[in-house]
Each structure stands twice: as C-alpha cells, then as structure tokens.
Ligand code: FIX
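First, one chain by itself in structure tokens, the form predicted alone.
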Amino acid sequence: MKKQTVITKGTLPATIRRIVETTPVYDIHTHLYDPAFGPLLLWGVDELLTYHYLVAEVLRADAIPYDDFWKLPKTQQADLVWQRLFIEKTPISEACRGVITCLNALGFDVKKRDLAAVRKELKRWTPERFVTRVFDTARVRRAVMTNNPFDALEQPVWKKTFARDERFRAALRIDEILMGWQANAPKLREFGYDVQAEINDKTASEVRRFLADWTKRMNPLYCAVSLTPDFAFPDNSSCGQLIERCILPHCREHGIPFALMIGVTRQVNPALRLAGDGVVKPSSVEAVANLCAKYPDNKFLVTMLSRENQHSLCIAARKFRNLHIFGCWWFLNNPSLIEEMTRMRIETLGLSVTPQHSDCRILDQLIYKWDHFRKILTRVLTDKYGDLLTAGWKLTDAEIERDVKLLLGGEFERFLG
C-alpha cells in the first residue's frame, strides 16, 4: 500500500501541480471519432488552423469576402489564417494560443514559424499512430464522441462490423428528432420507421424503436441534444412531446442520462457557415429544474452556453441529485471564464461536478484544451486546499489524488452508475 504523505502549505502547490498534470482525463464530450470512421476524424495543422473559432477570427482581420474565403482550398484557407493571425499579429487569442500549445507539445519549434515544415512532418503520420500520440501527450484515457444516426457519412460505418477503439465511447445525438421533427420525420420513414408528423402513440412507439435500435448498435453512454436558449419545459411543442413520450422513457429503460446542451442560437451570421452560430441571450434554468423535479428517475447531464446561467445552474444542481453539470462549453472556453466557473462550481458543489470537457472537433485540440485547463484547475485547487489547511484540516497526497480523479472524469463515471 502506498505510503500517504501529509501535505503542508509549503508542499501544497507542487503536490497539486504534479497530481493534476499526471492524472488521466475522461473527456466526456467531444466531436472526435474512432479512427474506423476514416475522414470524419479530423486532425493535423490545416484542420487546426481552419477550425471555426479561427475562421471567425480571421474574417474579422481580413477584408476578403466570405464567399471568396470559402472557395479557397483548405490549405490556402490555413495559409491565410496563419499569415493574418500568427505572422502579421501576435497569436494572443485563446484559439490562436491553442494552436501554438499543440504544435509545441508535438515537438515542433514554434519559434521558427515554419508552417511548411509542420505539414511535411505530419504527412509521415497515420491517423491511428497520431491518435495514440495525442492521447498520450494530452494524458486522455478516454473520449466520448458525438454520434449522429442521421449523418450520411457516419451511418454506414455503424451498420457494418468494425473493431471499436476502446478509447472512444459513443453518445447518441438526437438533434434531428427534437429540433427538426417536421423536416426529419420523412427521413425516419425512409429508414423504415412508421412515423407521422403528429406525435401520436404509433409515432412515439416508432421513435422509441429507432432509439432502441441505435442504442443497441452504438452502446452510447448517453443521449444528447443541443438546444436553443428558448428551450422550455413543460412544452406542448413537438420537441416537448418527444422528450416526454420518447426520450425520457428510452433513457430510463436503458439506464442512460439525457444530456442537454442549452443556449446556442444557430446561424447568427450564415455567411460564416459553421462559425456563424452564437450566444445572444440566457436560457431558462427553470426548464432544467422542471425536468429534474418531474422525472426523478431520469438522470440529466447539463451544460449551458450563457455565462449568466452558470450560478443558477449550480444552485439547481444542489437541489437535484439527478442533475450533473459539466464543462465550459463553446464560447465559455476562455481561461478567465473557465476559472470563474470552476471556482464557483467547486465552492457550490464540492467534487460532484465535471468542470470541463474539451468539445474538440480536431484531434490535436485535446492537447491544448487539457493543458490549459490543468493549469487553471491547479490554481483553483491550490487556493481551495490552502483554505482548508488554514482552517486546520489535514490533507494527504492520496486524498488529493482521489479528488482530482473525480474532477477529471471519475464523478461522471459515478453518475453514470
């Protein structure tokens, strides 16, 4: 049995830094893919540079017409981003700094600013080898994908037999059902499910059959949806009816949580394409509380996009043990906001929270998302454990290791049951 070391104020900072830096992460929400999905797994420097955070930033810095930018090949888009944001300006934004963190951690001399050399070296790598390199560098033990059964590229992969990479777990994404029922009901009929526009008993039964078929196929950890800030519950819309009559019974039956990511307003600027979504107003925490209260036998994973929602969401989680809040999502993924939210959550909820997920779309981003968050978590925990020592509490390194494991995915696993 490992000998436990009692922590003092003098040894506290280095101990926390060591533990946080070396504890593997369970990344509970990403947009990454198992290598078996081929081109759906995005990786490499050109993907990093043309990620939608950087596209929005470069199109503020350059007067190129939107349509002209989108006509460029990806390498030329990346060249433009590199020139405008990294050469002509200092890459000081969080998205730009993330690229530098990734390249540096992968062994590139970023001081040389040699994009061609990075591209040349990355051509030597296979996706499978690069996954291992990135997971090892980021110290990520497992990542949860976002899997859409309506996706024309993804669906065929699931329908054939393939060897699953155990580092990647599935999440069943159901946006097309909840957020676009009238448009997507005909697609369900094409898939062989006898649904109608009206949410009647037959339709509800067929939607549940669809969910059951894909749950059997994917073995997802949870069902997930991204919702607008106008999401309300209870609600007699098709979304509200489908949640009550299909999603929640399905999740209870299969013992999986329902994950709600609430607050995005789609296509605030359509000319930006994927970069055109925004956050324009707070959402309703009351809707979350109503779900948790009415359905105590369901488990809910929730993250919200507006900063203004974070305190109320924390308080809701104190009241409902079937609510687990997670991550600093999308536009909240800035160090100042992450630190504020992490402090508030730990002060309010203790260790019963998953303070971050990467939300990565590009494999390489695992490196910077977790590198930057670990530094924030180290600062927060150094302060919080320091407060305990000042109050007279005794701490050991084993206790801190236990706590950090909970914050970096262990509490999520406990919540899954």
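Not measured: the values here are computed from a predicted model. Residues carry their position along the shown sequence, with the first being 1.
Keep in mind that the form predicted together with D-fructuronic acid is missing from the display, and what follows is about it.
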{"property": "D-fructuronic acid contact in the predicted complex: Ser226, any heavy atom under 4.5 Å", "result": "yes"}
{"property": "Proximity of Arg173 to D-fructuronic acid in the predicted complex, heavy atoms at 4.5 Å", "result": "yes"}
{"property": "Close approach of Tyr53 to D-fructuronic acid in the predicted complex, 4.5 Å, heavy atom", "result": "yes"}
{"property": "Partner contact for Lys216 in the predicted complex: D-fructuronic acid, 4.5 angstroms, heavy atom", "result": "no"}
{"property": "Candidate stretches 44-52, 348-356, 60-68, 381-389 - the one whose heavy atoms come within 4.5 Å of D-fructuronic acid in the predicted complex", "result": "44-52"}
{"property": "Interface residue in the predicted complex among Ile87, Leu274, Ala212, Val268, criterion: non-hydrogen atom within 4.5 angstroms of D-fructuronic acid", "result": "Leu274"}
{"property": "Trp125, Trp330, Phe150, Tyr295 - the one with a heavy atom within 4.5 Å of D-fructuronic acid in the predicted complex", "result": "Trp330"}
{"property": "D-fructuronic acid in the predicted complex - contacting residues of 7-39, heavy atom within 4.5 Å", "result": "His29, His31"}
